[in-house]
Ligand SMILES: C[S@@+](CC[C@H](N)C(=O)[O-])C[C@H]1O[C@@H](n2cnc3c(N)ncnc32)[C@H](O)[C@@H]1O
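One chain comes next, on its own, written out as structure tokens in the form predicted alone.
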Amino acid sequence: MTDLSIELEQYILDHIDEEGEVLKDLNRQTHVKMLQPRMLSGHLQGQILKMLCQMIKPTNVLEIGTYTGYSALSMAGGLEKEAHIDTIEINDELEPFISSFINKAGCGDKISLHIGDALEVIPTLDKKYDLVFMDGDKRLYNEYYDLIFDKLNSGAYILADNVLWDGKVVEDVNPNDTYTKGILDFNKKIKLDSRVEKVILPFRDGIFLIRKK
């Protein structure tokens, strides 16, 4: 990140709503206690997710890839009273940390945390979704997409994170780089899928905004 982009990001953060106290603490504790704090959604993306939820007004939300819970709590802040989030995290060691912040935020009745492989958990979720935030294993985005598509209501949205993958999508790909290949394959799949409308939002690491027709 260049000095100018750092300054611009700080300018943006200085001109949006303040980060809530629970999210601020979650952000801080993630950076202190976790090995890959860069995986955290962070304040800007969290605020965007919250406002998208306020715009879309989903009843049921599915998140694939909880990490420490920042994005789930951000989305919960933008939901109507009766709405609910199912969030899936494969790393069982994170469960106590995530649960503690869900409870601290008073979202125990709004967020259900599922620990396990999303490819195994998703088929067990017997409901239709209005919004899916996809932020799991980049090598499996196509598999996630195929599993969730029939669980989407007409007009539902998918937000797929990291689809620009640090700019690697426009570079020569190392044959052993399965993560970049996974993102490239997913982006191509969405481009060719006539069942959806789509646009890439080029902020942070890129979010594919996908709407089921």
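Start at 1 and count along the sequence shown; that's the residue number. Only a predicted model underlies this, so the values are computations on that prediction, with no experimental measurement involved.
One more form of this protein exists, namely the form predicted in complex with the ligand; it is left out here, but the text below deals with it.
Engineer: Just one stretch in 149-157, 32-40, 182-190, 51-59 has heavy atoms within 4.5 Å of the ligand in the model of the complex, so which one is it?
Structural biologist: It is the stretch 32-40.
Engineer: Hey, in the model of the complex, is residue 91 touching the ligand, heavy atoms inside 4.5 Å?
Structural biologist: It does: once the ligand is placed as it appears in the model of the complex, residue 91 has a heavy atom within 4.5 Å of it.
Engineer: Within a 4.5 Å heavy atom cut-off, is residue 77 in contact with the ligand in the model of the complex?
Structural biologist: Contact with the ligand, no.
Engineer: I'd like to check something about residue 125: if you look in the model of the complex, is any of its heavy atoms closer than or equal to 4.5 Å to a heavy atom of the ligand?
Structural biologist: Judged by the heavy-atom cut-off of 4.5 Å, residue 125 is well away from the ligand in the model of the complex.
Engineer: So, in the model of the complex, is residue 135 in contact with the ligand at a 4.5 angstroms heavy atom limit?
Structural biologist: Yes.
Engineer: In sequence order, which positions of 55-71 have a non-hydrogen atom within 4.5 Å of the ligand in the model of the complex?
Structural biologist: Residues within 4.5 Å: 63, 65, 66, 67, 70, 71.
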